[in-house]
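One chain comes next, on its own, written as structure tokens: the form predicted alone.
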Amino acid sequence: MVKAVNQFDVVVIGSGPGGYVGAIRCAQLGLKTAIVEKDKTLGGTCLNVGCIPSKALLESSELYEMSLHDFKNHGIDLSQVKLNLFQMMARKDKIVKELTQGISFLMKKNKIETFKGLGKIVQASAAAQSAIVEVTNDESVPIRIETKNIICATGSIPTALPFLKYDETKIVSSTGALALQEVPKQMIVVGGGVIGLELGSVWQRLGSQVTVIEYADKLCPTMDQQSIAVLKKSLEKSGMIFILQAKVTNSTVKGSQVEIEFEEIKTGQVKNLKADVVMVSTGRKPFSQGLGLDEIGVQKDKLGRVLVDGHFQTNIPGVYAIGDLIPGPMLAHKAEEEGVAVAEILSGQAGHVNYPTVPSVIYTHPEVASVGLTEEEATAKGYKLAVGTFPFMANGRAKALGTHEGMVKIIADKASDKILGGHIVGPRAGDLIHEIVVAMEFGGSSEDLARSFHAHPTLNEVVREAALAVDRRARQM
């Protein structure tokens, strides 16, 4: 038995940032919209087991570390500081719950009908301008939804390794690493990317000895390596250990510990390492299982990413894909803008995403943030560069905060002075990067930033000084 539902203009499958933001924009533009979500709560990976809970724990762990080591410098004496991991996790869960409830409210406010269950495209017909999405769950009969357009926004999942299978207790994905019931004495992080460094730093601050094993010869290879070098040095200072150019080949659970085997790529030497918990952070892959894309003939690349045209439409008319499903950085804000763009395209507007201004942030301490091209990328594209850098060490506000590691780097085209990229490592880098993003969005130059007012004393002054340094006129503060 199948229950039929009246026709919608748009059905969005997946309620992560791309899905729910895209659905809201569709509704704002007058399109009758439905959203389908397989999990109990809306918000997708980002809100439930990704961006939001990880940032909650990062903030809590940073405050804990400050209470142990930094408050004395401010004249605040704390005796017998204790970690209450249960309360820390409860705070994280409360934040997630409030935000997921907020998204449910937004669906109702915008008159978006929500269907809970696994959404599968069972029919797509360009000739009839209609498609059918079937929603199944364990609690009710399947529901068939008729729609003119479908936006696939089902996101991604962690990449699993055959010799490091998740049990989410001893060998964990990022999801399991957000829900550990006690601080492991030793933790191994397999993969030195953004997620590995962020969650590794959480448990490092809370008392775990963290060792990061990375296959490549550098951490976060797509980001500015001068900034990453500052981050690596800071993390090493806190006690984190890095083993680069090493390939993990096997793992064995022995009692309360996991023993992993890895091979040094340069020497071929095989070594072993034990830990209480191993977190696998070797990237993510598109999640389209059960979506019905293969059955209706949607084209994918060899990495399983859905191929779309310049308007986010697949080779099947009326079927669109956004976010982690398609090529490009797997970032929540990128997915959001793509969701908005599709909504505007469907309503006859000129939806567009300016990919060169998508920022990336690593929420460690210090934070690392980037937008645009690195020096290496800009040089490879044939640009002659003018580069300006300025340290937080020389900034009064950073000194007052007691967090003065790092710098701001502005990369400009030497001929036109147009900003090609910006890179920040230091306090609140994830917030500071956005004035460079806005400048680049409007085709701004380093001169534009250099001549803009920046209140004193603020961290933002370092951005201005880096812009001044492009023309060799930074001032010592």
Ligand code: FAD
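This is a predicted model, so every value here is computed, not measured. The numbering used is simple: start at 1 and walk along the sequence shown.
Only in words, not in the display: the form predicted in complex with ligand FAD, which the text now covers.
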_Is residue 54 part of the interface with ligand FAD in the predicted complex - any heavy atom within 4.5 Å?_
yes
*Is residue 444 close enough to touch ligand FAD in the predicted complex, meaning at least one heavy atom pair within 4.5 Å?*
no
*Would residue 49 sit within 4.5 Å of ligand FAD in the predicted complex, counting heavy atoms only?*
yes
*Might residue 24 be said to contact ligand FAD in the predicted complex, defining contact as any heavy atom within 4.5 Å?*
no
*ligand FAD isn't shown here, but in the predicted complex which of 119, 286, 184, 200 has a heavy atom within 4.5 Å of it?*
119
_Selected contact from 36, 449, 412, 429, since only one has a non-hydrogen atom within 4.5 angstroms of ligand FAD in the predicted complex_ = 36
*Can you work out whether ligand FAD is within 4.5 angstroms of a heavy atom in all three of 227, 395 and 422 in the predicted complex?*
no
*Which one, 83 to 91, 340 to 348, 150 to 158, 137 to 145, holds residues whose non-hydrogen atoms are within 4.5 Å of ligand FAD in the predicted complex?*
150 to 158
_Heavy atom within 4.5 Å of ligand FAD in the predicted complex: which residues of 2 to 23 meet that condition, in order?_
13, 14, 15, 16, 17, 18, 19
